[in-house]
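The data below hold one chain only, encoded as structure tokens and taken in the form predicted alone.
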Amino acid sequence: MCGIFGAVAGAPVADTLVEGLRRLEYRGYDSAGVATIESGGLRRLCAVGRVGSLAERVATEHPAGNIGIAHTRWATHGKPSERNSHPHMAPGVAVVHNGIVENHRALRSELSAAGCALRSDTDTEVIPWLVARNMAAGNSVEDALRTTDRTLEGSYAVAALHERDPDTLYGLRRGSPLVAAIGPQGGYLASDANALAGLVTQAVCLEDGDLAEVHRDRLVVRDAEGATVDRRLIAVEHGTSSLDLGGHAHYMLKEIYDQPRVAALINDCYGGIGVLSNFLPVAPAHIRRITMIACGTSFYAASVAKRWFESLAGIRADVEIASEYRYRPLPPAEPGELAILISQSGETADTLACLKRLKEAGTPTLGLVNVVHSTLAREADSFVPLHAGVENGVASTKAFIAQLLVLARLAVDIADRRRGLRQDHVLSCLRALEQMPNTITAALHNESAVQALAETFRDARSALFVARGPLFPIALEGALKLKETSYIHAEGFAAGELKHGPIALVEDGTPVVALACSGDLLDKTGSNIREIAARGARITVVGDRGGILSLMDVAVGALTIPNCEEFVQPIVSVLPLQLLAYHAAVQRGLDVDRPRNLAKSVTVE
């Protein structure tokens, strides 16, 4: 959500700023802008829409400054427009900002009453005016930013320029990620280290309260008390391979087809028995209860894992939505509790707020995160890297599969440590996980059938996804993916709950995707599906051979997945649903990788 990039060098930086923003496009945004300091002072260029529109302005107007800041904005206050785009300016100062200033209304009133000419609808604009006011009182740029920081309420990362100090970038972190780095060509600030690929080999992760001064050849970081500090260095991978589409039309499709590689890498890193349990902050034998906390797609991964922990390891497992859990009264931690927090980015604001509360309560915490230098990875008691690689498409695919695979292996490991290997079940689960690269590859061979099905969704107004047991969260995930990418209203339901209200939505021709695999619940699922078929629903079954054959009398279409251990059926069943969401969006002519109103990393409430 939003992206910050700044550069100071010995030559004009406008093209570098635009390239930095291109590497941040995956985060989601609706406008972009740059500000540079030139001989005549600050210069600002903005554009609504894609970074490409801003690049055209830069190419035409040739900003010449050797220092600048840039931003991709995802609107929170005020609609997308050039007026509301970052950078925002006040006399002598320009600012870009990620996060939310919670007390901006009171500050706007105060500043307006003092004669400041605020022009936008954003919360951000109060920041440069506060800095300008503090500078007018005789403060240095650093002191003006510190005073401003003490005035603001909320969570934010700020990059700033001031005409008085035209050779220095300033960065301030308070709850939202920001990294700083020095490379051969100059100094940089960014909200994501991936934006620095090819420019530097290492970056410094700022911590809350830190203020960074970035020069062409040196970096100074001071903490909230003003003391100079050394912060943790992280490696920045060279090159931009994550931006290469690899012959695919969209990042989402590329990332769907990257999932066998992700499964193989997870096998390499965590294969066998007992590897993942070594990451736990509490001994497996002592675990009595697991609470998993997540948002969106990650929440559905946790919902699948709940059954794994309970059925394999015999441990009570609860799943909580982070945005709700963070405001719930929490009882004191009890012995044997473990909290698992799941986030692709490791910067999800609600999940991090839950982490803070859990640590205050004394609950051991484990992070499952794809970005190893993220806040969740740093601040949880322990963390497990997901190894999915950079995910550019806003709709998560390979990170979701990575979450499921890691959680499945963790459940197997804990079951082994607590109960010992049971030849009849745990070992068969392990063998199924070891076969996942091949199983996923086989499931993706069904794309032509998925594409044909997607054509029938082109004019759909609504769709239902139904399932039972461990496949129910996958129905929820399938519905989420379809509405994220295609904007078709879609809902997921537990098949056994249809008679309790949702069946009223079914009318003649309603598209229904039914997940039905061989297992104990197949007959019950079949009964529910026949009930909605009798109301005129158009049924497509997603399942293995046994599941599809049992429902051919009512199905108008089928998407076959490979026969596999029931334990991994949820992982395999989501693959055709990902392809369906992708092709439905393509059929409707939509921007698959950048769905409207969505952001990759939700760093504010």
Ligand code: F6R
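For clarity, every value in this text was computed on a predicted model and none was experimentally measured. We number the residues from 1 along the sequence you see.
We do not show the form predicted in complex with the named molecule, though everything after this point is about it.
Proximity of Val214 to the named molecule in the predicted complex falls outside the 4.5 Å heavy atom cutoff.
At least one heavy atom of Cys295 is located within 4.5 Å of the named molecule in the predicted complex. The named molecule in the predicted complex is not approached by Thr72, whose heavy atoms all lie more than 4.5 angstroms from it.
The shortest heavy atom separation between Ser191 and the named molecule in the predicted complex exceeds 4.5 Å. This chain is drawn without the named molecule; in the predicted complex, the residue among Ser486, Thr124, Gln403, Thr375 with a heavy atom within 4.5 Å of it is Gln403.
The contact with the named molecule in the predicted complex, taken as any heavy atom within 4.5 Å, belongs to Lys481 out of Arg409, Lys481, His88, Lys398. Of the candidate stretches 505 to 513, 205 to 213, 114 to 122, 344 to 352, only 344 to 352 has residues whose heavy atoms lie within 4.5 Å of the named molecule in the predicted complex.
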